[in-house]
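Have a look below at one chain only, the form predicted on its own, in structure tokens format.
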Amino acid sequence: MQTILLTGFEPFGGEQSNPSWQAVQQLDGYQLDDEVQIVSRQLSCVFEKSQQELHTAIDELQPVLVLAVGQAGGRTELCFEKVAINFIDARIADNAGRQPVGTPVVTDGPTAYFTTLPVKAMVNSLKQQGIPAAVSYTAGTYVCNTVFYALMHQLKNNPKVPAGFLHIPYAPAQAIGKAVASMPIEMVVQALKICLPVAILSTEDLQIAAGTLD
């Protein structure tokens, strides 16, 4: 049985829950077909520890695909990230109280990595089902981007394992009183069930426009 590794984060920034983990946790053990199943792991919202946890999970599971998922309050749709940058500039401290500013994720690492997932095809599959999704070109400079960069760095010599990062909006309970968009956990779970088979089966991404003007 082949394995897809999904990761989500523990709560951070004063929140009591994190929709990324709430969603991927529900898919732990889910089988896409007779040959592929999902294993879900929670990552700490701590810069160094999250990288270590991710590294251990990949070494242990030897997945055929990795998708890390994180919360991005204020986003209005599922955002499949295109690029991870080798830069940390923490607006708030992580869950260990560390707040690195202007530091690299990997010393002497390349400036950036692009995802190896067919993100345009994945977005297109979701839009066809009425689920709001888009390609994003900024994963931020916090722990999400750090995990994304560390993921691509770890797999840089293993291009046969597609990998990337997905940012999701707040869950409805988190958005109360904040006047921001939210998305039900059930919709995120359904979206993952739709787009992960696309990622596994696609040999190349769609050549369609998914850029931005700003």
Ligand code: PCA
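Residue numbers here begin at 1 and follow the sequence given. Here the structure is a predicted model, which is why all the values come from computation and not from measurement.
Keep in mind that the form predicted in complex with the ligand is missing from the display, and what follows is about it.
Asks: Looking at 115, 125, 136, 71, which is the one with a non-hydrogen atom within 4.5 Å of the ligand in the predicted complex?
Replies: The residue in contact is 71.
Asks: Judged by heavy atoms and a 4.5 Å cut-off, are 20, 143 and 167 together in contact with the ligand in the predicted complex?
Replies: Yes, the whole trio is in contact, each within 4.5 Å by some heavy atom.
Asks: Does residue 45 reach the ligand in the predicted complex if we count a contact as any heavy atom within 4.5 Å?
Replies: So residue 45 counts as contacting the ligand.
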